[in-house]
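The form predicted alone is given below as one chain in structure tokens.
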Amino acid sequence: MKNKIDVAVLGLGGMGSTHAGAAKASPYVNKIYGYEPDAERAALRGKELDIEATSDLDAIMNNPAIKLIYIASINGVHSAQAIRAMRAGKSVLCEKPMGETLAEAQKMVEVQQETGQFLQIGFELHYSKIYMQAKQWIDEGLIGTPVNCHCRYYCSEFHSKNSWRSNSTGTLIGEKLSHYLDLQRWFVGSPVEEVFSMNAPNVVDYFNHPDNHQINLRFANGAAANLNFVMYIAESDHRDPLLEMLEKQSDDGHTLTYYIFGTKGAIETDVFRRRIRRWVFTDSPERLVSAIAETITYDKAEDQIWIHNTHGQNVHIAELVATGMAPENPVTDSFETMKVGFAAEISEKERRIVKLSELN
């Protein structure tokens, strides 16, 4: 018989719904609690999600049956809630960012080491098959040593005027782009030493933060990486009922691709074409010869598990906690990704190269 645990979801917005749905799907979860600071909203969302919801955080923290807490609250309370949960003896899966400041993120790491509690940060792309396949090819040595990694991420403006995101003074780097910086660290497999980032003037003039970023990384082994993000070129999403979503977006300006270049080959991941490809490089008397060696595609029904497998990650986290296993992505590694993001913000503000050693 499986060990079953009670879990709680803090923050019952869109991401909180995803966490609650994953908890319901887990054979290791017994009861699900929810938390919203406003009593009226807690009652409403509890009813909509069919879970027991409360506005009393003390009741969550003091309930000994709750072993795992999923944190999907607003960014400003991630660190404080994770720290409180760990000190209350809970295991924690926390969404990005780890904190709104480097000090908040560092404190979360310190408390995890102090308490020994399970703490994993929600970098669910480690559980998404398109990126897992890329990492497998790298680890098998099929492209040699990775020396260069480019990510192009172009989308439409999807936050809207006067939303919390458009009014935020924080950037998109910690919450959103950290996913894609984290993958570059994962693929290259070497510590980041230097960050140089810049942004152009905003096109989305009602945003209180940059709507574009060009983040450049230099790794200890000499490899380089670039993340180029623009959030306004793609056609606005009006969900044409006659077209499948990614089919439409595959050629309307939406782009989410990685190019990982190695000494013996290369990899391309392309979300909007539902495709991952691998090239092999060989020598000839005349030149280096490149050839496509492998192409994998997948059906739209598998989009979730291939491109953004939050559900699968969260279901698996419940199993890890219920069976007494350790986190698969150590919080110390996630903290290194957060440091890269903070370094990029400093680089943009101060218009200089930032060494990661400055943030130690």
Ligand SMILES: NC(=O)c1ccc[n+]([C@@H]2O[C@H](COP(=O)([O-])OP(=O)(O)OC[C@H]3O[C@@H](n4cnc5c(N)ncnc54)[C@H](O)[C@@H]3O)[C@@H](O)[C@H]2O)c1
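Because the structure is a prediction, the values reported are computed rather than measured. Residue positions are given as counts along the sequence shown, with the first one as 1.
One more form of this protein, predicted in complex with the named molecule, exists but is not displayed; see below.
The partner is absent here, but in the predicted complex a heavy atom of I74, alone among I74, V204, I233, M198, sits within 4.5 Å of the named molecule. Taking L12, A344, A22, M338 one by one, only a single residue has any non-hydrogen atom within 4.5 Å of the named molecule in the predicted complex, and it is L12. Partner contacts here mean any heavy atom within 4.5 Å of the named molecule in the predicted complex, and among 144-152, 129-137, 75-83, 284-292 they occur only in 75-83. Using a 4.5 Å cutoff between non-hydrogen atoms, P37 counts as a contact of the named molecule in the predicted complex. In the predicted complex, at least one heavy atom of E95 sits within 4.5 Å of the named molecule. Under a 4.5 angstroms non-hydrogen atom cutoff, the named molecule in the predicted complex lacks R275 among its neighbouring residues. In the predicted complex, at least one heavy atom of E175 sits within 4.5 Å of the named molecule. With contact defined as any non-hydrogen atom lying within 4.5 angstroms of the named molecule in the predicted complex, the contacting residues in 97-127 are P97, G122, E124, given in sequence order.
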